[in-house]
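Coming up is one lone chain in structure tokens, specifically the form predicted alone.
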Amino acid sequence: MKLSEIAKELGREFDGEDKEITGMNTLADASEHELTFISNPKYVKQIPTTKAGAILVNEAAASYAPKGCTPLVVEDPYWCVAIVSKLFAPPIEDEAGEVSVGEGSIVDKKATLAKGAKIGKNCRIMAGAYVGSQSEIGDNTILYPNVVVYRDCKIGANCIIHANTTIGGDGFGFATNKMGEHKKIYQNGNVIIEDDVEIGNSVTVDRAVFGSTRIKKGVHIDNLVQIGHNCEVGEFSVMVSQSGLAGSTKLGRNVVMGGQAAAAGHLEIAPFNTFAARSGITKSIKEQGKTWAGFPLYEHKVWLRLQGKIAKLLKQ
């Protein structure tokens, strides 16, 4: 839609260069036809490098917009993101489109394939499973009963997804105004699951706000795991039951998260790190190949010594 139309939806006057906007994206990833935003002052210095066609900003940050990027000045950019995200949300299901089922695949008569869904060769889609519009399931993949794959998601070859798991549900995202009211930010990205991934029962992998939540090749995920929007789980990583990642956190290759271990959002975890059960990760981990435990988080050996000293104090 036209940038002037977006301004009208936000109740703002528009007198700049009008242009066609095809969607929304981050500062780093937005193209000349997309709208981006900034709501946190610490990212102001990144504005001049954006390639976005337009940006939602407050008055203080408007002057940082580079040539070709039209600033749309608003009082609360993040609240406006929530409003605009709805304008670019796709329909829940497409009304047209062919369903494609590859040779040798078996789709139970009680499964549902939305219009535009694509199933590869030699797949098994069991009773109660749902594959949304424009979603793709790779060759030799199994969806057990009641697996739900929302629209636009991609699942690779040789994957196993166990019962009651949901791929591509909305991430937990909303804006809050000065009155404490909440407005939903529509999650218009998707989930990409690469080849040779196994996911247990009742797991939730949330779709991205923009771009993709990504589960990379060879990952194994236990039952009852939560993966937030825009997360990335590195190759051959393992997540044990009831562990979880808040939004936009990235695990490197071969990270192991024990039961009930959890990471806060927007963190980066270096490859080959192991987190014992109930570890609480609040900061990015740059060192590779270590074992961690506890909350606050310590190296595992240090945590064991600390527990020993606490036990001695209790005996006194």
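Remember, predicted model here, so these are calculated numbers, not experimental data. Don't overthink the numbering: it's just position in the shown sequence, from 1.
This protein has a second form, the form predicted in complex with another copy of the chain, left out of what is shown; the following refers to that one.
- 240 is the sole member of 74, 81, 208, 240 with a non-hydrogen atom within 4.5 Å of another copy of the chain in the predicted bound form.
- 222 is the sole member of 222, 139, 194, 136 with a non-hydrogen atom within 4.5 Å of another copy of the chain in the predicted bound form.
- At a distance threshold of 4.5 angstroms between non-hydrogen atoms, residue 162 is in contact with another copy of the chain in the predicted bound form.
- Contact annotation for residue 27: none of its heavy atoms lies within 4.5 Å of another copy of the chain in the predicted bound form.
- The shortest heavy atom separation between residue 36 and another copy of the chain in the predicted bound form exceeds 4.5 Å.
- When contacts are judged by a 4.5 Å heavy atom cut-off, residue 14 does not count as touching another copy of the chain in the predicted bound form.
- Of the candidate stretches 283-291, 255-263, 51-59, 38-46, only 255-263 has residues with heavy atoms within 4.5 Å of another copy of the chain in the predicted bound form.
- Residues 174, 179, 180, 181, 182, 184, 198, 201, 202, 204 are the ones in 173-204 with at least one heavy atom within 4.5 Å of another copy of the chain in the predicted bound form, listed in sequence order.
- Relative to this form, the distance between the C-alpha atoms of residue 145 and residue 95 is reduced by at least 3 angstroms in the predicted bound form.
- A change of 3 Å or more separates the two forms for residue 145 and residue 94: their C-alpha atoms lie closer together in the predicted bound form.
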